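Starting off, we have a lone chain in the form predicted alone, written out as structure tokens.
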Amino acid sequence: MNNSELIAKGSIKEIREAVINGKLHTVELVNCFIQRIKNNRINSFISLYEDNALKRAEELDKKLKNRGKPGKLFGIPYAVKDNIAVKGYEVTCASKMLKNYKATYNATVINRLNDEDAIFLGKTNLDEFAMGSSTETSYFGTTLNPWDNSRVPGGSSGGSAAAIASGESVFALGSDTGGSIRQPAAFCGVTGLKATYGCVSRFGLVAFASSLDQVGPIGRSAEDLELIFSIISGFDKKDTTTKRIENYKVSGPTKRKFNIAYTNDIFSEEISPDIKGNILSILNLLKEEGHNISEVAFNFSKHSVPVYQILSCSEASSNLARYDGIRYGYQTKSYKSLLELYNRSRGEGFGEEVKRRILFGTYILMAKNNALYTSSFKVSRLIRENLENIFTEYDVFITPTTFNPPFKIGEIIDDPIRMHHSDAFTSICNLSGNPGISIPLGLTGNNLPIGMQIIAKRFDENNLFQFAKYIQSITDYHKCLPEEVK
């Protein structure tokens, strides 16, 4: 594999070894990604920090020359969704409300990546305050899907997913509240992880819905994501929601047979024929390989979206109350009273989707006896219990990641019901706390990516990665690239 192919297709392990062995210089590697970002017109990045990335690359080259011990991510460039704090750099959440605001500290995940000698490139685009499924609600404009520029890359981590698919970074961080890593990963033909809630610190992540949000990686393969997860996961005293669990250790390849459940939802008329066909094909292949495959009835997919919307919007209403035009963020230029300052600052600073969710969440919290809010918690508990029952018998549970391939820009932006429907399968994991990973599962007839979601028992990331890596060892779907990247 020559350097050009290595940069476009190589794994983290392969690129790191090439840098350490002198086949590829860190500055050369970083320059290559910087040029890719500059030359692309898909609007995946909000900000590119070229000078700082090159300075960091020079420092790492000197470290290697002086025989310093290279970290696990030595010389690997990465991008960060712009709702995660990186000290000294803007964290805008793709909103006018936080335009030009700079973080005063690093998120815990950033410190852990930097400690392993990774190189921060810049901030990626997202739906405003991570509220959306298409990256169309960003104050900085829509991100385009690298496979078809007339289509969305998914959301809210669409910038991060598009950056990986278009070869602009080796991996990227996103955040996942109801599928915001896995859905864009499926739409862009890359691999995306939402870990068990409590495995990865949320310190430094701008809150949308605190009981659902989780930072996670998007990359080229499950193997790469497992390495990143092993670095960013673990207890953090700055985040009380993190669990005191053993440090995750990367597992080797496995030849064991899996007990696999798949949802009966794949036979729904709502599922795209291409997605249904590709999932059935992989299930048949697994059956031929000697694995135990069973269909199970999962009756909560139709309930996950309304429950997710009620809980997430309620929490968003509370979390976003701090943006009032006084403490920090956008402040209106003209007002005559304190109430008018609040109203105009929030009205001008927030986009339409964010305001809609705040209003809906506020209504839910004001409703008599909070009946909808309380009932939604009961349903989320039933979803968790249903999954726990499945995992008493099966190792993994397979669903589609989405109902359909990526839709066209502007096609459903004015139809929030259809837009939220994109999260029906992915939001299950956020409501239950289970880990989920979306892996590429080939292309449709018109060359659009398809994704498959794998769910595992809570805190059983090892099983999740073993199975995902196994799928990617017997298929090459994750190696498919858009024409412009090949």
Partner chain sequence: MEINREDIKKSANIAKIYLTQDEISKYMIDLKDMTEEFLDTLKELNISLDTDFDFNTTSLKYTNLRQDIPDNFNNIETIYKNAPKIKNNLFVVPGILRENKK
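Positions refer to the first chain, counted from 1. Everything quoted here is computed from the prediction, not taken from an experiment.
The form predicted together with its partner chain exists for this protein as well; it is not shown, and the discussion that follows is about that form.
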Please name which of the stretches 248-256, 220-228, 95-103, 165-173 has residues with heavy atoms lying within 4.5 Å of its partner chain in the predicted bound form. 95-103
Triple contact flag L64, T108 and N149 to its partner chain in the predicted bound form, non-hydrogen atom at 4.5 angstroms: no
Only one of L285, I293, V296, L359 has a non-hydrogen atom within 4.5 angstroms of its partner chain in the predicted bound form; which is it? L359
Just to confirm, with a 4.5 Å cut-off on non-hydrogen atoms, which of Q309, N386, N319, S272 contacts its partner chain in the predicted bound form? Q309
Applying a 4.5 Å heavy atom distance criterion, does R112 contact its partner chain in the predicted bound form? no
Any of the heavy atoms of G325 lying within 4.5 Å of its partner chain in the predicted bound form? yes
Within 4.5 Å, heavy atoms only: does T392 come near its partner chain in the predicted bound form? no
Would G410 count as a contact of its partner chain in the predicted bound form, using a 4.5 angstroms cut-off between non-hydrogen atoms? no
Going by heavy atoms, what in 142-180 lies within 4.5 angstroms of its partner chain in the predicted bound form? none
